[in-house]
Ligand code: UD1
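Before any questions on how it binds or moves, here is one chain, the form predicted on its own, in structure tokens.
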């Protein structure tokens, strides 16, 4: 964490209900790229060196605070309740008693439903404040509907086009000329803490909504001749807020396109960047190709020359150079991550669960599931099989329809299959069991005992045919 040049407090407003989301879930917990919107904002604060990050909660406060508990354990984060919710100014008033007393302290105010603010942008706003100015983050939008307009005077003959900032007027309180202004306030500001406390104490709710608007501090700053300045984000995506499912979906696609373009600049070849979803971190080597509809979650590493077929879902995995995942594969790694070795071929329709580790040139075919199992180089399970809690040696051929029965109803047990073993179709290996190197298991066998190395082992009922037997007939109606 880089320390701020000024004593810094951060206030994140996350108390709103989000009525237009039409959801029982608090708005700030709706996810963007796989993480709650509020988590994105908190992560952006991590590099600012704040003395304290104050998260204002209200609607669904218990849910919000529980969801952010992991970040609260890692950062100087505290929660402040706003009950009832009487506007943005009222929200920051709840945090005021907790702000730093330093004469040159700065308070940065962010919104939990504006998730893509960049650390660099927030830092620039803090520097613009410099402990003495009121710094607003503004942006020009083609459609400013719903945003507070920046009202200026001075060098320009038209409001919103230049000159000194006089104030911010909310959408519902603006007259027609003000509604034509395209420069809007994003909800983000940095203020001298001592002055902010003073301004907050003077707020009134004399407006169309009957709420305490934080934006009214701008007029107070102007009246005190405090310089009001503006900073601007690198892109409007940083300041787009979310108030409805449609806005959330739009921001998701904007973010995914941005991430796709960044990866393509690194050399990733995407069949269609509009049909790509990254919900975590993706590292790619050279000459990697990803087909349409793929979803990457958690931390995923793709080595040189990896090929990912369409509609794969990959979470927490390391896929080595030259490996291929055919269509509709699901990789569901935990924190340790699933491993797919160099040159391995997986799928289509395969499932790799936590603890799966595939060696070089392993083949996992259609409708094969692997869980907590290691397959050594050249091993194959090409059709309709299950390998759970197993150690599989080199060049093993695991037949179609065969499974390791690893669970006895209370405990898990391990199956060990030596190198060069051939397991026929439709076999059941009841763990714990060991198949010696080079063993062959006859199709249809159910093994509850170890199979010796280099021998054929068959364990199935003797085939019997009954002459004269007839099928039962339906009784007449």
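Small disclaimer: the values here were computed from a predicted structure and weren't measured. Residue numbers count along the first chain shown, from 1.
The form predicted together with this ligand is left out here; the points below concern that form.
- Between 267 to 275, 100 to 108, 68 to 76, 211 to 219, the stretch whose residues reach within 4.5 angstroms of this ligand in the predicted bound form through a non-hydrogen atom is 211 to 219.
- The candidate site formed by 116, 138 and 250 is entirely out of contact with this ligand in the predicted bound form, as no residue has a non-hydrogen atom within 4.5 angstroms of it.
- This ligand is not shown here, but in the predicted bound form it comes within 4.5 Å of a heavy atom of residue 88.
- In the predicted bound form, this ligand stays beyond 4.5 Å of every heavy atom belonging to residue 460.
- This ligand in the predicted bound form comes within 4.5 Å of a heavy atom belonging to residue 15.
- In the predicted bound form, this ligand lies within 4.5 Å of some heavy atom of residue 168.
- Checking 388, 347, 148, 333 against this ligand in the predicted bound form, a heavy atom within 4.5 Å turns up for just one residue: 148.
- Between the options 205, 243, 283, 235, the residue in contact with this ligand in the predicted bound form by a heavy atom within 4.5 angstroms is 243.
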